[in-house]
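The form predicted alone is given below as one chain in structure tokens.
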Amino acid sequence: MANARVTVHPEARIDRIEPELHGHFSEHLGRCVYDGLWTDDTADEDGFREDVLGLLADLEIPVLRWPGGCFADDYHWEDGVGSREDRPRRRNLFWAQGREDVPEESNAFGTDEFLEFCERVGTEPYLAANVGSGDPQEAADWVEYCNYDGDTELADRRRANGHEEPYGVKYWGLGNENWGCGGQMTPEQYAREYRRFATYVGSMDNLMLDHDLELIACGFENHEWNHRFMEEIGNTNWGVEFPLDHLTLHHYYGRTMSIAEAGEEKYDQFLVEALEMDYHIERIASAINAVATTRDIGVIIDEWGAWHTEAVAENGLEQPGTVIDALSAAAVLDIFNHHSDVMTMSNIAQTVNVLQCLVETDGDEAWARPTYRVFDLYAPHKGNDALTTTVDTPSREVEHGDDDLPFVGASASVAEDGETYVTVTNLDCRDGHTVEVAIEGADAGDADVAAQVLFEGQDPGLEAGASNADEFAADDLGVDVDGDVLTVDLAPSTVAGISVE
């Protein structure tokens, strides 16, 4: 007998689920770039890891943010272009690189390498410009180098460096965590700096480019900070009233939890922290709507994911890739679907080897982590219209917290051809649950119904490695169909995707 029910309301569409909600983030940190994206024994003639390229291309990642992160606000892009032999070796002010714990940057991987990587994977680049220690001219020059098709020194330099045509980079972040590692700025100070940068960068698409740029400001989990930033950014007597297309924040969870030492109570607390994403999206959207509108300024979560006690600066922020982390990713992606009316992008941290990465490497081996499997299972949502869902679920009180953990979560979407896709999570790591999924107005008995499930029979703390990575792939899931009601049995800590067409 079912003890949870998900009701899908096809007449209550939310908005389009932008594919960019499944975006990713790579920083010059630990083994993310060097030994992750680029250069080691498995590299091709240009230094790219073919195994990593293949895994990410198969996932069809929509957008990739680079070069940081904190690294971005001490990075000068001209250090990383031109002949590698002539590129200067610089400090990495915030992070060690590789497993040697060296706080230095070779600049062997720079703008052209990153943008070629994006071309090979088939993803849209998102560049984060240096506001903390840089200046507007440097940022505007970077846009010109990447995007201008005319006869200037910077455009010619790009051609000389091997790329005749402009890259056409659309997404430009102006600063990163400028309330912290990006300069310790007040919201008013950052707003004034942001407007100064946006004046120069934002003017590039006026005469020089044949496409519009989308400018991104970096917000804060302190939502009063966001309110003050938005008020100050709109306080102008000249120019564009709100010179930003998106406002971001960063949300990590699990900072006090060790994967090795965690048990059932810690898992509950961890998942409740992940579900706080819903609160943060609502609050940052309210900060925008207080002075402007989310119809014009989208919400981006361009750093998010699990960050455990195992991930420290000394090991390049590496931590195990486990089922419980993947389960949290499913819960967050459901939340993003629910907020598709305000959200325009997200970027999980980070793509390879660092934090809640999707791909891990070790020498000449690369493999997909459990979180990769979740992104793959959720891929049918991309580009669909999100549908309102209501969930009737039991819950459990969480120790050392004010919130209960709902056992079942879900989101749903519909494609242009009418196919409905529903994802359902059993966030209960202790017990299985029988879940009814009702699609209002549909007769599932006349439809083709197919379902898959992730992590059935696997412990929440189970870690993926090269030898067992394939064991985390999705299995077929049985569905009982009765009219407009589908019934599935979900084992503890599992994620299901159900297609009805």
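Model, not experiment: these values are computed from the prediction. Start at 1 and count along the sequence shown; that's the residue number.
One more form of this protein should be noted, the form predicted in complex with a small molecule, which is absent from this view; the next part is about it.
Contact annotation: the small molecule lies within 4.5 Å of heavy atoms from the stretch 299-307 in the predicted complex, the single such stretch among 268-276, 299-307, 331-339, 358-366.
Contact between Asn176 and the small molecule in the predicted complex is found at the 4.5 Å heavy atom cutoff. Heavy atoms of Glu27 reach within 4.5 Å of the small molecule in the predicted complex, making it an interface residue. Although the partner is absent here, Tyr252 lies within 4.5 Å of the small molecule in the predicted complex, judged by heavy atoms. Shown alone here, Cys70 lies within 4.5 Å of the small molecule in the predicted complex, counting heavy atoms only. Contact with the small molecule in the predicted complex, defined as a heavy atom within 4.5 Å, holds for exactly one of Thr423, Thr111, Thr389, Gln350, namely Gln350. A heavy atom within 4.5 Å of the small molecule in the predicted complex is found for one listed residue only; from Val121, Ile259, Cys146, Leu317, this is Leu317.
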